[in-house]
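The chain below stands alone, shown as structure tokens; this is the form predicted alone.
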Amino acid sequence: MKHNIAISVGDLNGVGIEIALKAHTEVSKLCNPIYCINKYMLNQAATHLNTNIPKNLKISSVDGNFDIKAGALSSESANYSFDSFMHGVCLCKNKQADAIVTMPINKEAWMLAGLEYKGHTDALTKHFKKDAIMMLGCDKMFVALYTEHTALKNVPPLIKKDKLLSFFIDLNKSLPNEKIAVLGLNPHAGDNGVLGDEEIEITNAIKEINKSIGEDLFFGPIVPDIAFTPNFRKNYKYFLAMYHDQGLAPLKALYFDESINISLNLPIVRTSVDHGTAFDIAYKNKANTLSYINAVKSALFLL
């Protein structure tokens, strides 16, 4: 029996709905997708794409009507993307869907709309009152983020042993028995305090988590500029970056089209494409479906 997967459509001024429609036939072989959108908005998107809506496509209607404007920053589209997302979350909570796969939203548009969240993960953290963990990657490599959408200047004060330890505990529960390479914050992982002392906090947290689980599963702090080299990646599949670009720049350089986003440490399964709204190619039939298909496969694997 195939699982029901809620699909939140993301920012309708972007590429999400194009990807969903393009991949519908293939995704329907894997699961029963339920698209969180109403008929009016779906028909409008299909008209923009000059495509037909598959006859077997199932929707769970989300209220709201506005004019789609390809590539435009819009508070209306932002609000609809949020409503679609929360509708999918509710389908999961009510057992009408087994997982949710999310299409990309635009964070600037969310801010323009007055939404208080920095993105999907932040919204899930606050909704479930649990510290969701953002992890991105593909079968070859995954990168978890200790801090997510945090300004770089605000990252160093957050590198504290107790906070790190709590994060390590949650990550270990989500990825039991997996080896995790923990990156340092500073160049050369601080050079024993010459370039910064945050690595002392990281080292102490690593020692404590390994002692508590009775096995050396967390390794580091690893010098950041060698962590993603081919030889190092032969020994590790899972990496923990201290901040957003430290982990995601190398990941996207290596596996941009196939990577996905997974939210760990939550009561529901949520995966997502690992790319943005791509406003520059919206409704031009140029969007790649690989990340979305991988996100669906990963959601099914996690169930």
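Note that the structure is predicted; figures quoted are calculated from it, not measured. Each residue number is its position in the shown sequence, starting from 1.
There is another form of this protein, the form predicted in complex with another copy of the chain, and it is not shown here; the text below is about that form.
In the predicted complex, at least one heavy atom of residue 250 sits within 4.5 Å of another copy of the chain. At the 4.5 Å threshold, heavy atoms of residue 236 stay clear of another copy of the chain in the predicted complex, well away from it. The closest non-hydrogen atom of residue 268 lies beyond 4.5 Å of another copy of the chain in the predicted complex. A residue is said to contact a partner when one of its heavy atoms sits within 4.5 Å of a partner heavy atom; residue 108 meets this definition for another copy of the chain in the predicted complex.
Each of 150, 153 and 192 is positioned with at least one heavy atom within 4.5 Å of another copy of the chain in the predicted complex. Taking a 4.5 Å heavy atom cutoff to another copy of the chain in the predicted complex, the contact residue among 83, 197, 178, 170 is 197.
Between the options 130, 93, 160, 118, the residue in contact with another copy of the chain in the predicted complex by a heavy atom within 4.5 angstroms is 118. The stretch that touches another copy of the chain in the predicted complex, counting heavy atoms within 4.5 Å, is 222-230, out of 122-130, 74-82, 201-209, 222-230. Contact annotation for 167-194: residues with any non-hydrogen atom within 4.5 angstroms of another copy of the chain in the predicted complex are 185, 186, 187, 188, 191, 192, 194, listed in sequence order.
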